[in-house]
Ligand code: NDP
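What follows is one chain in structure tokens, specifically the form predicted on its own.
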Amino acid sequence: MDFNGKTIIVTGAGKGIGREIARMLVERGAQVVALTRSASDVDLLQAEPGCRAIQVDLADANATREAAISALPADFLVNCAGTTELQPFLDTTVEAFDRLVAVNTRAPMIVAQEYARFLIKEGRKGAIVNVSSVASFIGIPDHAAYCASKGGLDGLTRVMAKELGPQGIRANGVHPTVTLTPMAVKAWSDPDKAAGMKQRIPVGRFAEPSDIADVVLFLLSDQAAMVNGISMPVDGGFMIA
């Protein structure tokens, strides 16, 4: 997959899956505009060839819109930023719920709005990949707000595909199983909890960031020109187990 001459916005590019997506895109000739929250991640990304970084707290709607506009022009968009907070359903706080929805659901909507408006105005085609989670399909204990936020993202992806497809902009979702990022290591630090989850994955392991990035790049590419509106599990068979 060749991305020479293409510019791709990647949110959450400072760490984990987003960082691997950015790395693989640059390796294939792309210019990446990385949206990330951490100042230290901005410094690291800016030092890498082919990458421009914008620091933004995606929980802030106005700052998110400003960052999205400043990231343009762009050919493709990957909404990969995400956050989580472990709370049982009965103990889920309004503050935590609102924060996860703001970052995991509202921010992708805002960035995609500005990206799509730009493309439509310019008469250009494009593609959006929203990185969701298998947590949008199933109930995971202690992940009430996270599951809800990713389910909301899936709903947005389907509407994007329906409304933006006629404008030449495809939108698809990718749904990883547990992926070995710093956030996942924190969420699955309990050995018993991790073992129970891993036993439900037929290939017998958690995902690596590169497993997810490969699928994201395919969905951005011309090879996926007729793929629009899907929810693609990248889960080692978890959903059929």
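This one's a predicted model, so the numbers in the text were calculated from it and none came from an experiment. One rule holds for the numbers: they count along the sequence shown, beginning at 1.
One more form of this protein exists, namely the form predicted together with the named molecule; it is left out here, but the text below deals with it.
Annotated contact segment (heavy atom within 4.5 Å of the named molecule in the predicted complex): 131 to 139, selected among 88 to 96, 163 to 171, 117 to 125, 131 to 139. Note on contacts: among 81, 71, 111, 100, the single residue with a heavy atom within 4.5 Å of the named molecule in the predicted complex is 81.
The contact with the named molecule in the predicted complex, taken as any heavy atom within 4.5 Å, belongs to 58 out of 213, 34, 58, 30.
Contact check for residue 146: a heavy atom falls within 4.5 Å of the named molecule in the predicted complex.
With a 4.5 Å cutoff on heavy atoms, residue 16 counts as touching the named molecule in the predicted complex.
Put simply, residue 182 is close to the named molecule in the predicted complex: some heavy atom of it is within 4.5 Å. Interface residue remark: residue 178 is counted as part of the site for the named molecule in the predicted complex, having a heavy atom within 4.5 Å.
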